[in-house]
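Presented below, as structure tokens, is a lone chain in the form predicted alone.
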Amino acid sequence: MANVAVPPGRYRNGKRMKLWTRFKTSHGRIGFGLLQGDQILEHRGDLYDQPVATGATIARDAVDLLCPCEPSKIVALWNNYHALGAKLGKAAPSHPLFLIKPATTLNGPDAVIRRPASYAGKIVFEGELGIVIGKAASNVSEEAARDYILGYTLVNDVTAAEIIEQDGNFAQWTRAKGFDTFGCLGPFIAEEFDWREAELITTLDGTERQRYPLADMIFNPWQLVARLSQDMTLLPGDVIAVGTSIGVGSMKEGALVEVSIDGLGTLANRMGG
């Protein structure tokens, strides 16, 4: 069963955050609920429309945790951190630069990242913050954008790096990032999370490879929701992966990648064959 570290679950003013998760029991039943210590308080109904507690609880270590949401799409940002842009010599964009990872990339906590049968090259990890949309957003203003965010989760935006520039006529971002199991999400959705003073840490086999402040974003979560909703309708459960910063690197078969943000827990995935 899942062995996922429980986050402290508090934000700056000391009030407890709501931590939503989806799970599967040993009998194959799928449910969702709120993490409360080492228990999950089960809910019924629609996560995005006033879910109701059933009163039943289930031990967290008795179930497998799944992706906490089922997005129709993952909108993944590129060049959205000042530090990485400076390192690459890229100017800050005037509008978010993004690609779409299909829903078939979804991969949950503790799940294996599978190497595509058609690709023998370098596969890299990218630790990121993910914004989870709570209600349909179209042409939303920046002032209203935060009302369309259910919460935040962790993302490992896995990439078959050598595919991107494989054809000089067309950069293949979607193909490189769109393979099955390349969209790792979880383990929780944290409501009321304050990203402004948080930092993200990514480790590879226990060695720190990324540590960067989320406040270094070029477009913050509210700006991203507003601007992206001008380009497409964002649906409940959709995820915006806000981009990564310095420190991405390759994973060999068997490597364990862990993405952590204080309050959001740790997303752990191992690279398979």
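Numbering starts at 1 and runs along the sequence shown. Since the structure is predicted, the reported quantities are computational estimates derived from the model, not experimental observations.
Just so it is clear, the following notes concern the form predicted in complex with a further copy of the same chain, a form of the same protein that is not shown.
Against a further copy of the same chain in the model of the complex, the set 167, 173 and 180 is in full contact: each member has a heavy atom within 4.5 Å. Residue contact with a further copy of the same chain in the model of the complex: residue 146 places no heavy atom within 4.5 Å of it. Shown alone here, residue 231 lies within 4.5 Å of a further copy of the same chain in the model of the complex, counting heavy atoms only.
Within 4.5 Å of any heavy atom of a further copy of the same chain in the model of the complex lies no heavy atom of residue 121. Under a 4.5 angstroms non-hydrogen atom cutoff, a further copy of the same chain in the model of the complex has residue 104 among its neighbouring residues. This chain is displayed without a further copy of the same chain, yet in the model of the complex the stretch 84 to 92 from 84 to 92, 126 to 134, 191 to 199, 154 to 162 comes within 4.5 Å of it by heavy atoms. Of the candidates 62, 53, 215, 235, 235 is the one whose heavy atoms come within 4.5 Å of a further copy of the same chain in the model of the complex; the others do not.
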